[in-house]
Ligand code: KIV
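One chain is shown next in structure tokens, namely the form predicted on its own.
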Amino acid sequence: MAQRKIDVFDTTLRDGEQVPGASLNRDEKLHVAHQLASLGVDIIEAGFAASSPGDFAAVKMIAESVKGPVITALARAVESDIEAVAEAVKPAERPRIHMVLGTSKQHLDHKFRKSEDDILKMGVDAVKFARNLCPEIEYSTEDASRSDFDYLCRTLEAVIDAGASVVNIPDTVGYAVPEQWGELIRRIIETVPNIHKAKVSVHCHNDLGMATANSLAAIKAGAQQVECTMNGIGERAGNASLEEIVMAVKMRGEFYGAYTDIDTRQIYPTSVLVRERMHMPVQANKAIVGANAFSHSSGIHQDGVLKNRENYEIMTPEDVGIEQNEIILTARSGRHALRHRLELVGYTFSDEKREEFDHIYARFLNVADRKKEVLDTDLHDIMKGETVEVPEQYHLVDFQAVAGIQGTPMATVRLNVGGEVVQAAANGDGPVAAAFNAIDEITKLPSEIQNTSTTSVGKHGEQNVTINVGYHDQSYTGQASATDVVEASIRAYLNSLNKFVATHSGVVGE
């Protein structure tokens, strides 16, 4: 099957930036725009030029500086908006004016309070006006998914005759479902007599979680342009996700009869830049760019991937710009995964060392049962044999810590001491110090904090605390990890304390 080129219209800097808290300054917008050009998008919608002087300036700066993609900005179907876009995108190699006007009865009756004929004339006049200012015009029939089909087709025919070179069919409120949406696009292409004079585009929102599926259904039905955002950000539940659409077309090109010019190796770097600049993290299980998208923690999956990645991966991490898949070591991991990770950090095992490896695996499981994720630092400890289970004379039951700019930091700690729950409260220079003082109230042991270090590790922001504590004339090292640094510090302190108690009772040697 011959494959059609699909234009990727990125609206991260316009629709994506409308998310509360995600606005960018001019330099940040320019940085993202340059990365989108490196990604290979065909069109960058750089903003809403008439909305503010700052946005106008940002659109103009992008038009002046970013080479390759078409540069456009959004306008309402009014002359002042159209003039603002025309002036802002004028410096671009390929400028475009993108205008939007509703076609649904909902919008006509309750937003514009005008008749179908009035809105149709308004749209045609706007296109003609814009056509005199810019050679490339895109017209969006807002809320198309809830519009009367005959009126929608009549509008598309009229604006194409007026000079629109792209007609966009938006599912503005995320109302569409893939089967009906694909059928709508197919019927439009078959029904509008002059549709061959313009490219058909779609712009889908994710209110029902189907923006990507709807966009792909439209591509299958004949759409030539798809509008989307990095990481799927946008109004309300977001827009169709660029990375999902692009990789679906790449992986299933024969089915869709389509391809894009996106450099997929730039997907992950672009995703990271957008989430950092817009302060919009993505969930770990997000397709393509989520932290877990190429991670495996199940022993069965890990074994299968290590034998042949295609057992459980349909694309490689390198395809989207991630260095490699990740084998996450947890209590569910098997021997194959552990051996693989140990080899990556420098340890090898021959078949003759099977019994030795069994002991290492047992120590690994002992650690994995107590931690969400076993890290490389843990593996080194396991290999050094420093993971002997220390009896917990003092076991953390619960704690509460309070700190602030004003007031004295306080902490309450509850410990299980030999089967009895004991509680103490204390003040300190900070919440960690207060917690240590509360522990000292319970244990009555003469301890001296010699040094502590904290590192952030793992994908969940886990805090790994190492603490050296002096008891009498000896020093004991405690280690612990938790997502809360106070909890990690308490557990590390107790770990050192339990080592001291175990050593002096003859359970373990220092």
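Because the structure is predicted, anything quoted here is derived from the model rather than measured. When you see a residue number, it is the position in the sequence shown, counting from 1.
This protein has a second form, the form predicted in complex with the ligand, left out of what is shown; the following refers to that one.
Trainee: Should the three residues 15, 74 and 98 be counted as contacting the ligand in the model of the complex, with contact defined as a heavy atom within 4.5 Å for each?
Mentor: Yes: each residue has a heavy atom within 4.5 Å of the partner.
Trainee: Heavy atom within 4.5 Å of the ligand in the model of the complex: which of 270, 241, 140, 225?
Mentor: Exactly one residue meets the criterion: 140.
Trainee: Among 103, 231, 212, 168, which has any heavy atom within 4.5 Å of the ligand in the model of the complex?
Mentor: Partner contact (heavy atom, 4.5 Å) among the options: 168.
Trainee: Hey, in the model of the complex, is residue 206 touching the ligand, heavy atoms inside 4.5 Å?
Mentor: Flag for residue 206 set to no.
Trainee: Even though the ligand is not shown here, does residue 172 get within 4.5 Å of it in the model of the complex, heavy atoms only?
Mentor: Yes, residue 172 lies within 4.5 Å of the ligand in the model of the complex.
Trainee: With the ligand left out here, work out from 177-185, 328-336, 140-148, 417-425 which stretch has heavy atoms within 4.5 Å of it in the model of the complex.
Mentor: In short, 140-148.
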